[in-house]
Every structure is written in C-alpha cells, then in structure tokens.
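Quick setup: one chain, the form predicted on its own, written in structure tokens, and binding and motion questions come after.
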C-alpha cells in the first residue's frame, strides 16, 4: 500500500488530514522524530489497521499551541486495531488479532519496564524516559490518528483480545483502554479511592469522567466532580456523581453541602497545567489552582492522584514561571497534612487487562460515562474544534467504518 490518511498538527488552533506514508517496520525521519531514533528497526513490531483512535485532551494541549510540537506532527496515542502485518521477531501475535495499544511505548527489557514502570521506559526515547505515539518530545513515534500505524515491541505492548467477535461488539468501550480509562483509574487508585471512600475529581473532561467512573468501580461511597462547564457536569451526574461548579464559590463549601464536612478521603487532578482560577466563570488561567485546591479539600493523611498533564515547556504560559512548568504550589499545606502525591504518565499495562475484563463482563460502561461520540477521520478538524470549545464528548475517530452505527450503551 502507498497511502495512509492521518491527522497532523498544522499550527495553533488547526489540524488537517493528510496522506502520509504507509508504515513500515522501521522508524523514518519526520516531524518530531528524535534524530537518534531515525532508522530504528522494529523487527519486533506490527502494522495495525486502526479500528478506533481517540482525540485526547493531551492532543488538544498541542493543538492549542501550548507545547513545542512541530508542524506536521501526526497526532494520536489512543489506538485499537487489527494486525495486518507482523515483524519476524513477533512470536505471540498473529495477523487478524485485534489489540489495544497502550499510549506508553515500552521496550519490556529495561530496568523500569521490568519494574512495571512502563510510562518511563529507558530505551524508546533518546531525549528522556518515556515515549508515546504522536506526541511532542516523546521519541517521534508516528501517531495513531491514521488508517494504519506501526506498533513496536508488539508482544510486550499490545493487549490481545482473545475473542474477536466480543472485541468488535465492545469496541467503543475497549478503545478507552489505550489511555483515558487506565489513566483515570490510575488517578483514582493513587488517590486512595476504595470501598466506602469519598472522592473529589477536579475536571469533568474525559479523563475526569473516567476517574469518576473508576472511583465508583473501586467502591467509593460518594464521587464528586468539579468543573465550570455545565454540560460536562451534567454528564458526570448522568452516571451517579455529585457535582461542584467551581465558578460558584469555594469548593470546600460546596463539598460540605454534599457530605456534611468540607474534606474528602481522596482527590484526583484531571485538569493539569491549563487550570483556571476558581470563583468566577471567566476566571483567568492559574496553573496551580487545582493542586492547591485539592490540598485544601483532602483530609490529613489523604492522597492526591495527579493524572492531569503538567509540562516543562509551555509557550503560552501566563508568566515566565508557568512557561517552564514552575508553579506556585502550597507544598507547605500538603506537607502539614501528610499528603501523598502521585504524578506522571499512567503505566497503562499495570491496569489494562483487568479493565478489559471489567468491560467485557459488563462491570463498567466507560464509553457511556465519557459520552463517546464516533466521527470519521476526515471530520477530525471539527472534532478538535468542538472539543476545544468544551463539548462534553469523547471523540472517537473511525478510519475504516468499524464503528458504523455503534453507540455507547
């Protein structure tokens, strides 16, 4: 094959669908590819026909011009697909298998991978630990918002679904396994959500909604979701969450109205570095707001799970400190309350098999929780624009029609 339609970053505020090269089992030079990765041979890789690939809030940060992403970078790190070619060193996967691909690229051989820290693999990105598909400074592995994509170290990375028919039937839910469901679950787990706990999730975007659904799956007694977007708060209420409108007054007071006390057992930051100040619908950006708020509303001895993205370089930061990821965090408050903090990429492989079983056995309906909405790959620019305007949807791109007529249930 010669062509491959893919979604590429064009400039701040714009993406376009381009025809790029059909993938091979060798990493080629291109936008964002680390020079030391050019020519890297992937006999251990597979080529996927992409059945579903999602627009993520992390992609949106790049499209807003809030990173150093280069023009032409092919986007997309949430990938579910069918193997159409396998490398000569692949042993345990076959052509025709349907697999979920963690957004973390991991070699399975380095110290961190062997310690299950697959979000910070030491081998796949010459610049720093950790790599991902279609993401700035993450090694330059070509993104999966495309018709076809190459997945390296496939025996280790790919989660194979043993029943093809069941996978097809649940595809809209299973596509959430590549990132937002494990990421939200990681946020809830590291925050200490459990049976009978009270949980506050800051942010009602897709990751926040996934974190809320995860807290419910873990047995939380009450899950409260905070945001200033009325549609997103309504989506959280649709599956049993309580909500807080952060534009309408102090979070702790609103939590007290729900729980009878102003603190929760566990808190999740699903917002990240583009946080806005609380107390007003038109509050300016204030990147440390959520972290400081969570320390205020989390009980002494509690924990903060922080799957929300924070960056080291933000060209659009509100001040010089913000541009280098230096935030005015009230660490003294967290220290005084003996809080635990967990940050960084979710190690997807730590959770994705168990979460796939929860999906396949109807223990969770994650596509419904995040309002999964299917669009064609040519509609990606519209999906990005609507998501940027706050649409309460998780856009799923369908490059080959595998999701025709499918809706979240």
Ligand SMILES: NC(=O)c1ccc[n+]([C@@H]2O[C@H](COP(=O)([O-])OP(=O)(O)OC[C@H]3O[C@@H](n4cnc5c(N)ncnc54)[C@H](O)[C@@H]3O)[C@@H](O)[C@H]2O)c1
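Numbering follows the first chain given and starts at 1. For clarity, every value in this text was computed on a predicted model and none was experimentally measured.
The protein also exists as the form predicted together with this ligand; that form is not presented, and the subsequent description refers to it.
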What stretch, of 321-329, 286-294, 148-156, 188-196, brings heavy atoms to within 4.5 Å of this ligand in the predicted bound form? 286-294
Contact of residue 383 with this ligand in the predicted bound form (heavy atom, 4.5 Å): no
Report whether the minimum heavy atom distance between residue 134 and this ligand in the predicted bound form is within 4.5 Å. no
Partner proximity in the predicted bound form: residue 106 to this ligand, non-hydrogen atom cutoff 4.5 Å: no
With a cut-off of 4.5 Å between heavy atoms, is residue 228 one of the residues that contacts this ligand in the predicted bound form? yes
Within 4.5 Å of this ligand in the predicted bound form - does that hold for a heavy atom of every one of 31, 65 and 140? no
Heavy atom within 4.5 Å of this ligand in the predicted bound form - the one residue of 79, 172, 223, 246 that qualifies: 246
Which one of 83, 167, 90, 309 is close to this ligand in the predicted bound form, taking close to mean a heavy atom within 4.5 Å? 309
So which bits of 342-366 sit within 4.5 Å of this ligand in the predicted bound form, heavy atoms only? 344, 345, 346
